[in-house]
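Before any questions on binding or motion, here is one chain by itself as structure tokens, the form predicted alone.
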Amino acid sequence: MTDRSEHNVSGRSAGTRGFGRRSFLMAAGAALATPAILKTISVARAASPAEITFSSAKFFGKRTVAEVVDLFNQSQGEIRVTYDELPPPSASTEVHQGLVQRLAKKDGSPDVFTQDVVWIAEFAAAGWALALDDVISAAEAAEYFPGVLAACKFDGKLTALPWFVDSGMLYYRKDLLSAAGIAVPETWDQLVAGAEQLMKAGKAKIGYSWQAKQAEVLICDLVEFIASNGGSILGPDGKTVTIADKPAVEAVQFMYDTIAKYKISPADVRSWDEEPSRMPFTGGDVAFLRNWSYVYPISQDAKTSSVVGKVGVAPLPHFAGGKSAACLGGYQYGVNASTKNRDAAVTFVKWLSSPKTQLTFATELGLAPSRPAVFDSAELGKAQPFMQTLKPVFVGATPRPVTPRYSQVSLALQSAVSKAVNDGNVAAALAEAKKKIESIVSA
């Protein structure tokens, strides 16, 4: 997104969606009603429906998460869901802190929540997430992408249910590359050469736009740079810290060099997350951009973009001898282990993750489904043909470090890498980060 573990999907606000909302809800609610899921509760309409709360990060598209919740409420009468909107994923730290504070109370609220894929281990280890193995059969689990399903497990147990998948990717101006005879870069050296050529010719003000703000998105970019050089942040055991090893040092040095040495990235990227890095690209000033999948539909909207029909998408480049790496992003569902309405919460979360609802999120909010059957469906192909082309990138994405202490690890990395990208003292910053992270993961 990495996270959409780290992007704010642009779209119309609740106050500007226009008329027709009631008609949309009535029609879509009828289409999305799923008796097979709802049969887990009484068939008879309850005099007083079960009340549950649902907390989610804020996403925008043609519709909102709130409107999808309305579909559920209007499609049946046994459960009433109150929607609690959290900040957007670009404010990942605030979203995380808000959830931690509420889940730690163990009072059952919120009953259902959305979580960045990197928080799953933390929430499960703390005992805040309900294990779902007894309500999700093996056959049901097999309907998701294996990699996303694996990311929803901790200590062998399924403690989250897949929602959507995303990953980083390279956007480029195909018109500029074609006119200049530049091939789509497969290596970082090729990207530097292409960016320098276009900037020198006056065809692009910025060669490469990315996100170096001291925030979670910086870690997403970091994972991609390091993994594309054959390195890692933590070893497979989750305890061995490899952030100061040669592949990582070289990768972070390159991050600094895009700004200070090659000058294909402006110094402003040090304060940019997704949207500030996206806007100059869709404004026509950038040759290459690293971002999440949400950028493409914006780039093809004449109301928000001056590069309609001029944008190409490719896997991110790699270093010599390495392979392209895209950071795995996406938010997934969780059920509060302390919920006082377990059956209702499970029913609702299964509805949220059902094929029809995933299709709605894909077509109306641009969130890529975590079910291959939905991803490959004719309906999605008609509504979001570009999304279907990204399947190979999504299913092969690289996860961020998997550890119950990810939040502490991320903050230590953000501080160290931000410092390195600002002052260029890469080896020293990463050596210090290694010490801090070793103390975190060994605690």
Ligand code: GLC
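All figures in this text were calculated on a predicted structure; none of them were measured in a lab. Quick note: we count residues from 1 along the sequence shown, nothing fancier.
The same protein also exists as the form predicted in complex with the ligand; that form is not shown, yet it is the one meant from here on.
Participant: Any chance residue 330 has a heavy atom within 4.5 Å of the ligand in the predicted bound form?
Facilitator: Judged by the heavy-atom cut-off of 4.5 Å, residue 330 is in contact with the ligand in the predicted bound form.
Participant: Consider residue 214 of the chain shown here, and say whether it contacts the ligand in the predicted bound form, taking contact as heavy atoms within 4.5 Å.
Facilitator: No.
Participant: Does the ligand come within 4.5 Å of any heavy atom of residue 163 in the predicted bound form?
Facilitator: Although the ligand is absent here, residue 163 would stay clear of it in the predicted bound form, with no heavy atoms inside 4.5 Å.
Participant: Considering non-hydrogen atoms and a 4.5 Å limit, does the ligand approach residue 224 in the predicted bound form?
Facilitator: No - in the predicted bound form, heavy atoms of residue 224 and the ligand never come within 4.5 Å of each other.
Participant: Choose from 299-307, 312-320, 353-361, 216-224 the stretch whose residues reach within 4.5 Å of the ligand in the predicted bound form, heavy atoms counted.
Facilitator: The contacting stretch here is 216-224.
Participant: Within 4.5 Å, heavy atoms only, which of 258, 90, 229, 75 is in contact with the ligand in the predicted bound form?
Facilitator: Of the listed residues, the single hit is 90.
Participant: Taking the ligand as it sits in the predicted bound form, which residues of 282-296 have a non-hydrogen atom within 4.5 Å of it? Please list them.
Facilitator: Residue within 4.5 Å: 292, and no other.
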